[in-house]
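Presented below, as structure tokens, is a lone chain in the form predicted on its own.
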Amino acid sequence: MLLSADARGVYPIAPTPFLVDGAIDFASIDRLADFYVGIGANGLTVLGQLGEAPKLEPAESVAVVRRFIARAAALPVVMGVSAPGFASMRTLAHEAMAAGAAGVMIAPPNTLRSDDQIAGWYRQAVQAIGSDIPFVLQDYPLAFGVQMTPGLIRRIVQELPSCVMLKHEDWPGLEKIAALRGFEREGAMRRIAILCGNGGLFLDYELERGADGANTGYAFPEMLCDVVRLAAAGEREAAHDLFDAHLPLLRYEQQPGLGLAVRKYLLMRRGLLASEAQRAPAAALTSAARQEVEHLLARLARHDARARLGRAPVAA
């Protein structure tokens, strides 16, 4: 079940669950995997930007991806293998594929500046992991500080056949999607899947510009699945109405440095994580932030019953 340019739908980015002592919580991995299958996700990405990958030992990373693959056997699983050096990237990629992964996701290091540097780095990355491993090109300039123009993305796609998907996270980035689809229509670039990140913050219009779905995290990823489904069915206003209902909470969860704490808290509230724990360094929710999240939940519940989570736990 290798990843291909035909990928569509929603590939949620899974958080890495931890117990309060910092150990990996494999029982919560099982609950998450079952949940993602149950909501109709089309695939799954583990150890992405908010998967706390740098905080894991290599053996732990492999154990996490193996558990998700084993539990979510019906879904293609993509593993983030971004690393400072190609040796680590190669080891993680080969371990993931041996475990049954569908492909890998690769983000550029923040030292790259020119188009030639970026294209050359990806060429070396593919040489390191092997051209037989499908990979996702992660374009997230706000996090990585690396700017990829549509022309550069076209160059990478044309030079490297194993690039089958773009994880589009530029902001603003609607024109970039339109430009890439324009290249395809002109025959200047082969077609690849475009799935979008940024917590789904712009998903409604990204789909209308030609994106194939979402490759991101959110505490209510079933909303992302519903919006993609409604958009594909031509139910534009219904898709926007559902998206708009979630937008305040979606926006709150997108706060730099705090977003993962919000997401893990909500996933714990939903019974999917046993703990909201992160590994250090990490930001924690204050009492005021928890109250704001609960207020947003209550407001969302007026429009979406899935946000009715009962009473909030008393903060320690």
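Just count from 1 along the sequence shown to find any residue number. Bear in mind the structure is a predicted one, so any value in this text is a computation, not a measurement.
Another form exists, predicted in complex with another copy of the chain; not displayed. Remarks below refer to it.
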| message | Looking at 212-220, 166-174, 188-196, 67-75, which stretch has residues with any non-hydrogen atom within 4.5 Å of another copy of the chain in the predicted bound form? | response | 166-174
| Can you pick the one in Met268, Val62, Leu258, Leu50 that has a heavy atom within 4.5 Å of another copy of the chain in the predicted bound form? | Leu258
| Should Arg113 be classed as touching another copy of the chain in the predicted bound form when contacts are defined as heavy atoms within 4.5 Å? | yes
| query | Taking the shortest heavy atom distance, is Ser275 within 4.5 Å of another copy of the chain in the predicted bound form? | reply | no
| said: Within 4.5 Å, heavy atoms only: does Gly100 come near another copy of the chain in the predicted bound form? | reply: no
| in the predicted bound form, does Glu184 have a heavy atom within 4.5 Å of another copy of the chain? | no
| So in the predicted bound form, are Gly85, Tyr205 and Arg302 all sitting within 4.5 Å of another copy of the chain, heavy atoms only? | yes
| Those residues of 131-161 which, in the predicted bound form, come within 4.5 Å of another copy of the chain by heavy atom | Leu142, Gly145, Gln147, Thr149
